[in-house]
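What follows is a single chain, given as structure tokens, in the form predicted alone.
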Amino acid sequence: MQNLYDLSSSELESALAGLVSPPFRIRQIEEWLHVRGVASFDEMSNLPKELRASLAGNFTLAFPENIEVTTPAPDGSRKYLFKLADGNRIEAVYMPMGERTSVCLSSQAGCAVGCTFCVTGFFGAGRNLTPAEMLGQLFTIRREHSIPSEMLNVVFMGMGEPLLNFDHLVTTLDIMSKTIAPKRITVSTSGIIPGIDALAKLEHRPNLAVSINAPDRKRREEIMPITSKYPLDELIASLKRYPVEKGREITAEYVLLAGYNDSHDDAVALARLLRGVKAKVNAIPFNPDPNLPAWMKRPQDAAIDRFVNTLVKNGVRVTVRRSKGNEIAAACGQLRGKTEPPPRRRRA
């Protein structure tokens, strides 16, 4: 049966038109779905019982099954493991941040991009998630923690490359926009240029975050093999033409690897690379994992400070991501969607 959470607002209206009347009932159903995120038709208490039964006989509201939640980390973060209908598993992260809360969502079951510093890519490619599977992560976490929509930030920085799942992502963003302003939603990409250009054409755009991770093409392709298809100079050109709303910036994400891309000269080169791009740098000290190459290390605090200070001196606005959820393998680059050991693989 058709999952109503897989439909955009206009598609939902079309799907219900022949079954639901009068028309105001469709608006009630849309509010139950897109505003309240209910998991069953029985929760739609202001609909006649006969209509709820008819909806249940023709459609589904299936979400991924929440099968495990970690014990909270010291910072309050919790990692959620979801099982999909086909047996695939994905992870999402709840991150309390004072008055606001961030929820990190996955967009694919696995990832074909294969960044060498990311555990998800180590486990290999998977399939695109449907809108229902993405929204299910959000609504499950939001309801469990009773998070008001106005206090919620959403980041597509979990498993997968969102811009390789563009159509489903757009439907998901359309539904989220009913309760969450686009400026509080961020889509993170490894630099899929056609996807960035397509995102630029949306009427209501989320924030854009782009993984840079090296100031030159050679090293970037060493740690991000897919970027050979989307060269660094062409990526920067796409960011320069990307429409950025007043008061917003593109986030240039930069994973700091000790002795590889964290020197003073690297910071100077990065500042030069980003000239003409309305962007800030988010420096992300590497989060280690036993499945990742042994040479990859987190820089010392002094090296991180030097890198950041050099960027600032060169006119770049910069923040340092003090990753939440490290203790529960929920930090940047650590999501895997697996509970079993990975297949043995030779590490570089």
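Counting begins at 1, following the sequence as shown. Bear in mind that the values here come from a model prediction, so they are computed numbers and not experimental data.
Keep in mind the form predicted together with a small molecule is missing from the figure; the text below concerns it.
Query raised in the report: For the chain seen here without its partner, which of 287 to 295, 312 to 320, 30 to 38, 66 to 74 has a heavy atom within 4.5 Å of the small molecule in the predicted bound form?
Result: Every other range fails; the passing one is 287 to 295.
Report task. Report the residue, out of Gln137, Thr172, Asn261, Ser190, that has at least one non-hydrogen atom within 4.5 angstroms of the small molecule in the predicted bound form. Result -> When the small molecule is considered in the predicted bound form, the option within 4.5 Å is Ser190.
Report task. With the small molecule left out of view, choose which of Leu270, Ala92, Val255, Leu129 has a non-hydrogen atom within 4.5 angstroms of it in the predicted bound form. Result -> Looking at the other structure, the residue within range turns out to be Val255.
Query raised in the report: Can you check whether Thr227 is within 4.5 Å of the small molecule in the predicted bound form, heavy atom basis?
Result: No - in the predicted bound form, heavy atoms of Thr227 and the small molecule never come within 4.5 Å of each other.
**Report entry** Partner contact for Pro206 in the predicted bound form: the small molecule, 4.5 angstroms, heavy atom
**Finding:** Pro206: no contact with the small molecule in the predicted bound form.
**Report entry** Non-hydrogen atom contact Ile147 with the small molecule in the predicted bound form at 4.5 angstroms
**Finding:** Answer no; every heavy atom of Ile147 is more than 4.5 Å from the small molecule in the predicted bound form.
Query raised in the report: Closest heavy atom of Glu133 to the small molecule in the predicted bound form, within 4.5 Å or not?
Result: No, Glu133 sits far enough from the small molecule in the predicted bound form that none of its heavy atoms falls within 4.5 Å.
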